[in-house]
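Given as structure tokens, the chain that follows is alone and in the form predicted on its own.
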């Protein structure tokens, strides 16, 4: 089964690209010119994203370097304890809606601790949180900003609520799968 999946995955991308080229040829689309026009559009979009990316990276770096993250985690510790969220993963959960790279750095920090690691309960929880949540504020800032949407309406509230629920669901799922919760 694994050999078959490996073979399929090796041939899937060339088949998709070949199918697109064949479809374009049949429809008499100027394939090369269309590709170059698309690449020009992608470059212009990248240039528009750079100011938003720089602002986000600077904000995250200042927040972490100032020690505000540690103060916030200490302040939230009673609530985190009540929700069964370990304080070690709280910085990652708080940073994940803002920056995927920042939260990834906190996750790697958990993995590198000698008494923890990726196979520990805390490492599995951090991995699950990283995979199940999204960079909501990053998406709103960069993608909405690149197309000129300034009023987010309900997108921010719903995105942050889904991130919070993903943190709680991660704690529940990892606790259940590791045998800490029994039904």
Partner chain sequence: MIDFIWLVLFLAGIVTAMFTGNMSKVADAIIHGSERGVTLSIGLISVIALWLGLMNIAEKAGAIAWLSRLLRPIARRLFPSVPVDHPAMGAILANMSANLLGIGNAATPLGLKAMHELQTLNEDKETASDAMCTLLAINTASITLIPTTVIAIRMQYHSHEPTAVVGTTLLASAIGTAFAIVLDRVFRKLSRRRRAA
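Note that the structure is a prediction, hence the values are computed from the model and not measured. In this text, the rigid core denotes the largest set of C-alpha atoms whose superposition between the two forms falls within 1.5 Å. Numbering follows the first chain given and starts at 1.
Another form, the form predicted in complex with the partner chain, is not on view; read the next lines as being about it.
Of the heavy atoms in residue 176, some are within 4.5 Å of the partner chain in the predicted bound form. Within this chain, residue 148 lines the site of the partner chain in the predicted bound form, having a heavy atom no more than 4.5 Å away. Although the partner is absent here, residue 107 lies within 4.5 Å of the partner chain in the predicted bound form, judged by heavy atoms. Heavy atoms of residue 77 never reach within 4.5 Å of the partner chain in the predicted bound form, leaving it off the interface.
Residues are counted as partner-facing when one of their heavy atoms sits within 4.5 Å of the partner chain in the predicted bound form; in 58-76 these are 58, 59, 60, 61, 62, 63, 65, 66, 67, 68, 71, in sequence order. Comparing the forms between the shown form and the other one, the C-alpha position of residue 114 differs by less than 2 angstroms, with the core used for superposition. With a cut-off of 2 Å and the rigid core superposed, residue 30 has a Cα displacement that reaches or exceeds the cut-off between the shown form and the other one. Taking the rigid core as fixed, one finds a CA shift for residue 72 of 2 Å or more between the shown form and the other one. Compared with the form shown, the residue 105-residue 61 C-alpha separation decreases in the predicted bound form, the change being 3 Å or greater. Between the C-alpha atoms of residue 163 and residue 59, a gap widened by no less than 3 Å is obtained in the predicted bound form, as opposed to the form on display.
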